[in-house]
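Starting off, we have a lone chain in the form predicted on its own, written out as structure tokens.
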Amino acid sequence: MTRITLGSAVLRGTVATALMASLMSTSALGAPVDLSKWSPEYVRSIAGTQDFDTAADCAKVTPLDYKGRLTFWYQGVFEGDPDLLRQYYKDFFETFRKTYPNIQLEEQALTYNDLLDKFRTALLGNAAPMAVRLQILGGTEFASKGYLEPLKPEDVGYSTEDFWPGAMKAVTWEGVTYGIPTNNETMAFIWNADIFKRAGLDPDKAPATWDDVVKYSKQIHDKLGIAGYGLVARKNAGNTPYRFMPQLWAYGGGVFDEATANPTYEEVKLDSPQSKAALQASYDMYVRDKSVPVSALTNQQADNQPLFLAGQLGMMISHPSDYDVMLDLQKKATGADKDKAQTVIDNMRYGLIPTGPDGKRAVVFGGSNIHILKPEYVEGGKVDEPAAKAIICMWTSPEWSLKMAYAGSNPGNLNGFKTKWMKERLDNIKFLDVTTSMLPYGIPFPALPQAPEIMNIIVPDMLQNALTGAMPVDEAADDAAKRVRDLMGGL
């Protein structure tokens, strides 16, 4: 197992700057989390140092004998998630019903790719749920259109300082907070050490730069006849921007200036030379070298996972939960396939995401947020606010924000890092220290209502136009930049 430590490394990215501006999480729940010390060693030092009584804390927000009714939508588990996460989701709703037996809960799980569209449709018909948990880029869109009630951590018994500063930006519109982060994550770079060795690459080292990724991908394909890098370019799928944007930022590009410490979003940069260089790298892998899966245009990460386990893919970007996914998939294999899968698992390595040509390292600061709807957009025209706050208090508690993110993310509530469950996951989840090491390099998606359209539609369209040959690389970038300018009213 490769261990990655930050030591005194310089923190980069928007989140890193915010961390240094707000050094400590001060909470009435206990000793503060010192974000200026963030490193795998520091995270280990605070794990398991404090106990929390979730029911007692949430009883101060909504009495445990409160009688009410709540409709709730959320992004649920999907085919690429490990079984452990499915169990924790089941445990959460069972625990909520036991804790609040008089609240009639009607929950509905939706996939990442379906949630935003179905939520928009429900809002137009005034048939939305009372509360909703959305992916991180959804908050500003719906807050800017007046659909959401103001909601801040203090409304459910916590402190704003208990959450990542970058995460709070994603729930803030025109100075007002409209939601609470449930979880936040950054991904890491994954490779198969055995494939690297057989292809003549150093099995113990990830590619240092994105240019190296292109070279390694070609070398793996040319020598072994398999896909090198797990490129993802599917349209209207969150997997695509989460894997392309780190590449775009590393080359010095961006949609706007979102990778800077204090973004203004006043200039579109998708047609910059740096952005075009990042797009060219994807073109080189897919078209020139043919070193990535042919199905990349329709692939999600769930499609890369079986390829990786079968030894047909050398590199990919994903969460620490992919290790557990591999174990789950291996259990279902038989005969020679089972042995081959075990060889892949034994050779699975995690490292920091590669840098760009100038040494810039970046990753999407992702996650989800939870919100309360205004009653006029809810089916029946009424919101049971105490019931909504009850489930929000529980989900964003140190305990459940950790458990619900156990395998693939991190707790939105920083106090989750101090729980006994954090200590357990550090001991049980291989490579978790690597993905938490990427947090300081995290860059949030632009905190704009147009972000979902840009990230889920325009950026994937740019990739597809270039990779299919519908447009040359330069033209594809220029077209995407024009579409963003038009969307933003002529920037």
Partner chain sequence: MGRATVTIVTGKAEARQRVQSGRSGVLREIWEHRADYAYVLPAIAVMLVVIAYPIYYTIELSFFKTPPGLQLRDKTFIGFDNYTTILTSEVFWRVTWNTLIWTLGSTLIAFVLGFATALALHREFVGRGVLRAILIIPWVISAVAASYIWKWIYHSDFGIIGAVLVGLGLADRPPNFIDSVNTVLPSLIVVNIWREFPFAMIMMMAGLQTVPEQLLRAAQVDGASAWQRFWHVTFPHLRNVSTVTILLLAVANFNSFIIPWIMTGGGPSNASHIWITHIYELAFGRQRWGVASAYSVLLFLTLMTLGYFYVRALSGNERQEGSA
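A quick note: this is a predicted structure, and the numbers were derived from the prediction, not measured. Residue numbers count along the first chain shown, from 1.
The discussion below concerns the form predicted in complex with its partner chain, not included here.
Engineer: Since the chain is shown here on its own, which stretch among 85 to 93, 385 to 393, 232 to 240, 341 to 349 would lie within 4.5 Å of its partner chain in the model of the complex, judged by heavy atoms?
Structural biologist: The contacting stretch is 232 to 240.
Engineer: Counting only heavy atoms and a 4.5 Å cut-off, does its partner chain in the model of the complex sit next to every one of 194, 197 and 223?
Structural biologist: None of them does, since no heavy atom lies within 4.5 Å of the partner.
Engineer: Report yes if any heavy atom of residue 211 sits within 4.5 Å of a heavy atom of its partner chain in the model of the complex; otherwise report no.
Structural biologist: Answer no; every heavy atom of residue 211 is more than 4.5 Å from its partner chain in the model of the complex.
Engineer: Under a 4.5 Å heavy atom criterion, is residue 120 part of the interface with its partner chain in the model of the complex?
Structural biologist: Close contact exists here: in the model of the complex, residue 120 approaches its partner chain to within 4.5 Å, heavy atoms only.
Engineer: Is it the case that residue 299, even though its partner is missing from this view, gets within 4.5 Å of its partner chain in the model of the complex, heavy atoms only?
Structural biologist: Although its partner chain is absent here, residue 299 would touch it in the model of the complex, with heavy atoms inside 4.5 Å.
Engineer: Can any non-hydrogen atom of residue 127 be found within 4.5 angstroms of its partner chain in the model of the complex?
Structural biologist: Outside the cut-off, so no.
Engineer: Can you pick out, from 181, 354, 293, 166, the residue that has a heavy atom within 4.5 Å of its partner chain in the model of the complex?
Structural biologist: The residue from 181, 354, 293, 166 that makes the contact is 293.
Engineer: Which of 406, 72, 377, 216 has a heavy atom within 4.5 Å of its partner chain in the model of the complex?
Structural biologist: Contact residue from the list: 377.
Engineer: If you apply a 4.5 angstroms heavy atom cut-off, which residues in 307 to 329 are near its partner chain in the model of the complex?
Structural biologist: Sequence-ordered list: 307, 312.
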